[in-house]
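Next up: just one chain, as structure tokens, the form predicted alone.
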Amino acid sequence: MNLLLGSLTIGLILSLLALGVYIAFRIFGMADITADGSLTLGGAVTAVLLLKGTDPVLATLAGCLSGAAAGMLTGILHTRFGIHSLLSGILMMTALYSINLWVMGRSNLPLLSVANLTDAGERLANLMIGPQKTMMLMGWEVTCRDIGILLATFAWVCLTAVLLFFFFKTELGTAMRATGDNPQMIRALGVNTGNMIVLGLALSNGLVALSGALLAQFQGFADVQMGIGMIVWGVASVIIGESLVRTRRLGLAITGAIMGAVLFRLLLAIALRFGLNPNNLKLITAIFVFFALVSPALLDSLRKRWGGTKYA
């Protein structure tokens, strides 16, 4: 049960990554590989500030802003210098590897001895459940701390999703969405599409870095390689979420991205639980992504074939 609670918590944390990837991938139609570096950057900046005694909330927000700055630079490379969006992301991701090492000073920073946001989850559990360390849940003994962290993470993700939904309903958010849908039309209305892309990528990578900041605090360390392959994770979460909600309407798409991230993490946890070699985790992730990408078209094809056979 503790494994399940931990997987749910990590899935919720990585749902912020999925929301960031959703903005770049679905709204602007860009596979922004900056996410691999900005997730680590968020965790690195947050870890360094926590070790210096900074308030955990301020340290987390600083990590989020650092990712937003990285996304803004990617957007500038793309819009101001005319570099292809994919190459812009690759350039920034490559640069961020060295920047992250410079920020951290070494490849790994432990956080087990410093106060962080997971302590807030423990305090929440004490308020809701009491001072006891463990409790019974569905016949399993679980720690109250894990439950508190899960509830706090769920609340944080819900708040972020609601704010993101209402932001995209504002004039600025609508202009961003229109930039991705029909850039010629939005330019005719006097909107600078380059600025919209820069701001959109800043928002996207800010969410990715926020995910990295929370992940580093939950797992108790920040590592320079923690972001490798995370763009694949994010895209898979978005695709799985769309398969679940079967629509790209804004509110449901945001909800689907969160559900997809949690489900994807649970699938990997189940695979590990049944003896998967951790060295094969990236391979299994790639296989899951492959099936997530091809399954919607395959299901539609089978549905049409069965429908045609039925009414032939």
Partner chain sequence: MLEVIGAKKTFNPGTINETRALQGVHFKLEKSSFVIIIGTNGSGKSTLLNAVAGSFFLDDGQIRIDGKDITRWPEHRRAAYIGRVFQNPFSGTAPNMTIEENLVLAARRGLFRSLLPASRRSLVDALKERVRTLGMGLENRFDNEIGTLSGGQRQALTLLMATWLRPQLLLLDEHTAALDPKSADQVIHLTREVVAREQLTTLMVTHSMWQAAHLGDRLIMVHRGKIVRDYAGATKARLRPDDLLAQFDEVRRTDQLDPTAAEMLRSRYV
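Positions refer to the first chain, counted from 1. Here the structure is a predicted model, which means the values were calculated and not measured.
Beyond the structure shown, there is the form predicted in complex with the partner chain, which is absent from this document and is the topic of what follows.
Trainee: Ok, Leu117, Leu111, Ala178, Val224: which has a heavy atom sitting within 4.5 Å of the partner chain in the predicted complex?
Mentor: Checking each option against the partner chain in the predicted complex, the one that comes within 4.5 Å is Ala178.
Trainee: So the partner chain isn't shown here. In the predicted complex, which residue out of Leu77, Val191, Met93, Ala161 has a non-hydrogen atom within 4.5 Å of it?
Mentor: That would be Val191.
Trainee: Going by heavy atoms within 4.5 Å, which of 206-214, 162-170, 100-108, 235-243 lines up against the partner chain in the predicted complex?
Mentor: Of the options, only 162-170 has residues within 4.5 Å of the partner.
Trainee: Does the partner chain come within 4.5 Å of any heavy atom of Leu86 in the predicted complex?
Mentor: It does not: once the partner chain is placed as it appears in the predicted complex, Leu86 has no heavy atom within 4.5 Å of it.
Trainee: Are any of the heavy atoms in Met185 no more than 4.5 Å from a heavy atom of the partner chain in the predicted complex?
Mentor: Contact check for Met185: yes, within 4.5 Å of the partner chain in the predicted complex.
Trainee: Does the 4.5 Å heavy atom contact test between Lys52 and the partner chain in the predicted complex come out positive?
Mentor: The answer is no: Lys52 has no heavy atom within 4.5 Å of the partner chain.
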